[in-house]
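First, one chain by itself in structure tokens, the form predicted on its own.
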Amino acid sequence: MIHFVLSISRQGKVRLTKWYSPYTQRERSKVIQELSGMILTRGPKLCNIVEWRGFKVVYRRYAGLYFCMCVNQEDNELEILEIIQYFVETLNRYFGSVCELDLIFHFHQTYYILDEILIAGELQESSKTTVHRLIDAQDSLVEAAKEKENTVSYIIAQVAS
């Protein structure tokens, strides 16, 4: 089971967090501080798996971002690396070539993509085409809602009520 997902920039700024296990706000801050210090100081030729508090943290660096997932000791590390790769490939398809600014300015879409892939710390959908189809459908719904809001009759109805 995946306990949490973190995306950290090379400067140590957190760009994405998703918690699947209960942590208090204080514990979350401490976890982020510990792991960012541990992962950012590791050399590039070292293993992408870190033992931490009885868990394994599997991470991978893409450009200026580290994508990290904390899993149980008995979970398969290679599967988690594949999930990270799958998530980043999906982000790349959606944003073109994903960068730190995409995660900052389009965080709603980023979380939506993550929620299509993982639910409750488990892989939900492994089919890339299915996830891409669902993301495109969500974007169509958002665009339709925006168009409806901009119509004159909708604006008049909102003012009249």
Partner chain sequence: MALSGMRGLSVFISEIRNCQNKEQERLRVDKELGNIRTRFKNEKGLTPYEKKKYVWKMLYIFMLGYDVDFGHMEAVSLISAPKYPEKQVGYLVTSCLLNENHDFLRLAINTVRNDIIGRNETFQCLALTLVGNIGGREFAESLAPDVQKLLISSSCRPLVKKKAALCLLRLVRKNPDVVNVDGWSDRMAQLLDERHVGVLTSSMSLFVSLVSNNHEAYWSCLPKCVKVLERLARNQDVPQEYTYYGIPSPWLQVKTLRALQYFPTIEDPNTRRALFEVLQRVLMGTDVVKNVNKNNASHAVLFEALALVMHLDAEKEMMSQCVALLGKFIAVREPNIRYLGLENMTRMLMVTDVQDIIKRHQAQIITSLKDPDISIRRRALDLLYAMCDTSNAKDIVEELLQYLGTAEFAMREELALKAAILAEKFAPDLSWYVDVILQLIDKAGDFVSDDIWFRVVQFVTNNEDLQPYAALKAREYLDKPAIHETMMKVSAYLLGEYSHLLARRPGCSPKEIFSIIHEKLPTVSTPTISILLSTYAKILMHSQPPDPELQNQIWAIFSKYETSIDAEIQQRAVEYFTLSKKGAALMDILAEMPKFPERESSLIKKAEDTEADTAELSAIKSRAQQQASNALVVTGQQPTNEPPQVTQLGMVKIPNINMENNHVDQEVAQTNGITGDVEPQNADILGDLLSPLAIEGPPGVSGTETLSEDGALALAPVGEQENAIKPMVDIAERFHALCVNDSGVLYEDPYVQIGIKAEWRGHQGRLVLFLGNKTTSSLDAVQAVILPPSHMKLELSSVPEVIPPRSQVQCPLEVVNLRPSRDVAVLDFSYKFGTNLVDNKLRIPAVLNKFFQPITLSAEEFFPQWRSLAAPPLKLQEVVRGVRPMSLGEMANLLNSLRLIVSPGLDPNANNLVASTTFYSESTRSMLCLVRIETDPADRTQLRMTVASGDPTLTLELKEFIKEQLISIPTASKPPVPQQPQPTTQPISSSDPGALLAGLL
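Predicted model only: the values in this text are computed from it and were never measured. Numbering follows the first chain given and starts at 1.
The following text describes the form predicted in complex with its partner chain, which does not appear among the structures shown.
Counting only non-hydrogen atoms and a 4.5 angstroms cut-off, does T24 reach its partner chain in the model of the complex? T24: yes, in contact with its partner chain in the model of the complex.
With heavy atoms only and a cut-off of 4.5 Å, decide whether L101 touches its partner chain in the model of the complex. Yes, L101 lies within 4.5 Å of its partner chain in the model of the complex.
Report whether the minimum heavy atom distance between R10 and its partner chain in the model of the complex is within 4.5 Å. No, no contact at 4.5 Å.
Considering only heavy atoms, tell me if A63 and its partner chain come within 4.5 Å of each other in the model of the complex. Close contact is absent here: in the model of the complex, A63 is far from its partner chain, nothing within 4.5 Å, heavy atoms only.
For a quick check, can you give me the residues of 74-101 that have a heavy atom within 4.5 Å of its partner chain in the model of the complex? Heavy-atom contacts within 4.5 Å come from E74, D75, N76, E77, L78, E79, L81, E82, I83, Q85, Y86, E89, Y94, F95, L101.
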